[in-house]
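Below you will find one chain, with nothing else, as structure tokens; this is the form predicted alone, and questions on how it binds or moves follow later.
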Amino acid sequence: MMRPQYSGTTDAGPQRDAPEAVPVLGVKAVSKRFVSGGMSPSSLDVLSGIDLDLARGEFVSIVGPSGCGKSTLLNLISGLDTDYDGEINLNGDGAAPRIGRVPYMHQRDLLLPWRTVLDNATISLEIRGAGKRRAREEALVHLDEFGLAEFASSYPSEISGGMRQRVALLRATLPGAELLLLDEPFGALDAITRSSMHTWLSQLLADSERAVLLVTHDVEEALLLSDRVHVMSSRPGRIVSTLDVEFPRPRDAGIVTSPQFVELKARLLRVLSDSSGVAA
């Protein structure tokens, strides 16, 4: 399935009077500065003038050098941090509540060891007010598509790292929000498990209308999963380049050996090297 491709311009054409679709996420001129107090106050500019949009059904990645503010940006979008300059809009609404409303999955699965797979998956629904019985009923419907049906009664210590990340992803997606934030979700997995998770996630989201924003250090991961990849500079982080990934989704892992993919990966690595000042 081919996803809508990003374009920096809009063709007015005969459709000029048709209203443009409002992005699920709109980030406009967002900047962030950390200020420390004490006897010698200091400040650190982390983000500078970030602009990006996500349309419904898009998968967009952000790559950049360590410390450039990628995770800070996700904290702002999720509402965990509200001290910033600029605008963050959900469906065009800058006043829409984001804390607890924008699912956010981290590198660590953060599963509760005393709860089963099923009961870990229901936490997000319980937080939003669903009773335990109704939350379990809703989670059970999705266990099979996440490959977790036979592990519903297992505890986190009894399942693999890949399975734990599937539980964490199910927990994040159950509330049905239109936007999902992923911060290095597979970074702690071994290469084989990570590759299988890429294939599984790509297939899972192929026909989804959910917009996904992924932060990753893995260039190949970004190209395998995304419709578009933003490259951030060293601190203060700015978006210095954007690459469209025009391969149809879902993508098989075998695509990484194709000449077109290899060329695109080389381009992205060159841009990333230029943005960080480190030789590739």
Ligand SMILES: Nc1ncnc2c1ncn2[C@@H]1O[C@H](COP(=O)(O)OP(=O)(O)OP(=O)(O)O)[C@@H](O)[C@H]1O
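Sequential numbering from 1, following the sequence displayed. This is a predicted model, so every value here is computed, not measured.
Only in words, not in the display: the form predicted in complex with this ligand, which the text now covers.
- Annotated contact segment (heavy atom within 4.5 Å of this ligand in the model of the complex): 70-78, selected among 134-142, 70-78, 192-200, 166-174.
- Just one of 178, 184, 119, 109 comes within 4.5 Å of this ligand in the model of the complex, counting any heavy atom, and that one is 184.
- Exactly one listed residue, out of 240, 29, 253, 44, brings a non-hydrogen atom to within 4.5 Å of this ligand in the model of the complex: 44.
- Not displayed here, this ligand is kept clear of residue 57 by more than 4.5 Å at the level of heavy atoms in the model of the complex.
- Looking at residue 235, you'd find a heavy atom of it within 4.5 angstroms of this ligand in the model of the complex.
- Taken together, the three residues 34, 65 and 217 all lie with some non-hydrogen atom within 4.5 angstroms of this ligand in the model of the complex.
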